[in-house]
Every structure is written in structure tokens, then in C-alpha cells.
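Below, in C-alpha cells: the form predicted on its own, a single chain.
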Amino acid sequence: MLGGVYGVMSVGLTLIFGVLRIPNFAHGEFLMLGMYVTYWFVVFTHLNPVFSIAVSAAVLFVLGYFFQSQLLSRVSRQGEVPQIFLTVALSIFLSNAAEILWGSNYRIVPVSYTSTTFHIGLVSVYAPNAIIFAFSLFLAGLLWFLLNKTHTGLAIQATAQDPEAAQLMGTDIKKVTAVSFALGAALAAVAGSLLAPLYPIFPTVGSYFILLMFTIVVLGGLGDVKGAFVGGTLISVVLSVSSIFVTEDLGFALVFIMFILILVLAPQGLFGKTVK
């Protein structure tokens, strides 16, 4: 069930790479901000954290659009390296800003159902995981509809495949690029909102997830949306099964060993395409 949210938080990263052709090292901090938005939303409204998803997505969409259109776009002509350094700088800035604003103490989203389980036959299902899985499926369907049935989604796909051809066909490349980055940031925020009831929230929590996200997108294939969901599911199965037979820390070690093997044996991933 966690594979669904792993896919949601990784698909934003692979969407950004597919259009901008750069890895976004601030993606973990976008997820962290989504968790904080959910925390403060629940503290002030006392509503279910599910209702904070729209708020966190909107906040990070605006932040992502601003960052790409006002900062990244200014160095895009200088190549990939300055853009990558800029995302690293944003990552450092956001984590330190969060520590200044909210402190380094762990925060927990106060919800009543964190220990609730229900039974389907002989299987016990953890309620928060079931909620996460349901919303992840809904978001996956919504993203598929956006990318395949709307003009904006088709423009994003065209830009990812061939920016010059898309521009010749009348696509506003600058706007599509900014929207793609903003959409990726919003998806990270949604994942953060879904994960907030399960994990402690602190300024550097993004660094815990960023390596996992990179492993997932490399496994699925950089730039491939469906590969992110498949990769997230496979990684979650590895972590869940390994936690039964070995410790959770060794489970993450197995994930990163798998990450190295993928880079060596199949660097294009499960669904990625080899290009010359």
C-alpha cells in the first residue's frame, strides 16, 4: 500500500526530469513543506489531514512555478550544471528556513486513526495505509487524465519528447516548463500530506525520502511516469518483506544495493529508453 504514495512522491521528480532534463535535488524539501502545511492545517482547523491535500498542492504549485520561472529559467541557457546547483541551493535554503521558522523538534500530526486496523478475511489492514493507497490510486488516475486528455498534458508530453518540434507547433515552452516543475512540486506536497500522519515532521525529513525517490525513478526509468508508480510499488515490497526477515535499516541497504545494480546492469530502468 505504501507503494502508491512512493509512486506519487516520485512521479513529480520524474515529471520534472522528463521536461527539464535535470534532477531536482530540492524535491525532498517540497515534500517536507507539504508535511508542514498539513501539520499546521490540522493544528488550526482540527480537520482530517486529507482535507489539507488541496492546500499543500496549491501552495507548492505556486512556489514551484515561481522558482522555475524566476530562477531556473534565468540559468537554463548556461547548461544543466548551473540548474542542478540551483536546486541544491534551494534544498539547503528550504531546510534551513524551515528550521528557523519552526525549530528542529519533531512534530506529529494529531489524528485519531493512526493505530486503527480493520480485517479483510485473514488479512489485517492498517487504516492510514489504506487511506493513502486509495488517494494514491485516485491521484494516479487524475494524473493520467491530465497528461493524456488535456491540452496542457499533451503539451507537457510533447515538450518532454522534442522541445524544438513542440515550439514549432505553437507550444509556449517557457510556460509548459514552469507548469511541469510546479506540477512536480505539487505532487511532492501531496505525498507529504499523505505521509504526514505516519512519519515525524522535521526540517531535514526530505533527505530521508530523496534517496528513495531517486532509486524509484531510476528503477522505473528517468522521465517515465508509469515507471515511477511501478518502481514505487517494487521498492515498497522490498522494504516491507525485508522488514519481516531482517531489520528496517538492512531493508534500506538492500534497496540501495538494488539501486547500484540497476545503474550497472540496466541504467535506462524498467521503462526508460536508451538514447544515443
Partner chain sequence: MLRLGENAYWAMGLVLLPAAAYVAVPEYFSVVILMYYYAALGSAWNILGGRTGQLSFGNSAFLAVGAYTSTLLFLDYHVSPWVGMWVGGALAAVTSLLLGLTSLRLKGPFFVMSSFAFVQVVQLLLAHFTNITNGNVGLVLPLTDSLADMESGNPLFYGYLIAGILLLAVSVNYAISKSKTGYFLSAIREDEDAAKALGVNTARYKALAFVTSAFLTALIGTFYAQYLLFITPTATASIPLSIQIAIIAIVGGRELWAPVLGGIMLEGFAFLVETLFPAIPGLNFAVYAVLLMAVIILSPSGVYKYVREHI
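Positions refer to the first chain, counted from 1. Bear in mind the structure is a predicted one, so any value in this text is a computation, not a measurement.
Form predicted in complex with its partner chain: not shown, discussed below.
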- prompt: Any chance P82 has a heavy atom within 4.5 Å of its partner chain in the predicted complex?
  reply: yes
query: So, in the predicted complex, is W144 in contact with its partner chain at a 4.5 angstroms heavy atom limit?
result: no
message: Under a 4.5 Å heavy atom criterion, is I235 part of the interface with its partner chain in the predicted complex?
response: no
- prompt: Would K174 sit within 4.5 Å of its partner chain in the predicted complex, counting heavy atoms only?
  reply: no
field: Output flag, P23, A253 and I257 jointly within 4.5 Å of its partner chain in the predicted complex, heavy atom basis
entry: yes
query: Looking at V75, A130, L154, A165, which has any heavy atom no more than 4.5 Å from its partner chain in the predicted complex?
result: V75
- line: Checked I201, A158, L90, A178 for heavy atoms within 4.5 Å of its partner chain in the predicted complex; positive is L90
query: Tell me which of 210-218, 224-232, 30-38, 47-55 has residues with heavy atoms within 4.5 angstroms of its partner chain in the predicted complex?
result: 210-218
field: Interface residues of 91-106 toward its partner chain, as seen in the predicted complex [heavy atoms, 4.5 Å]
entry: I92, F93, N96, E99, I100
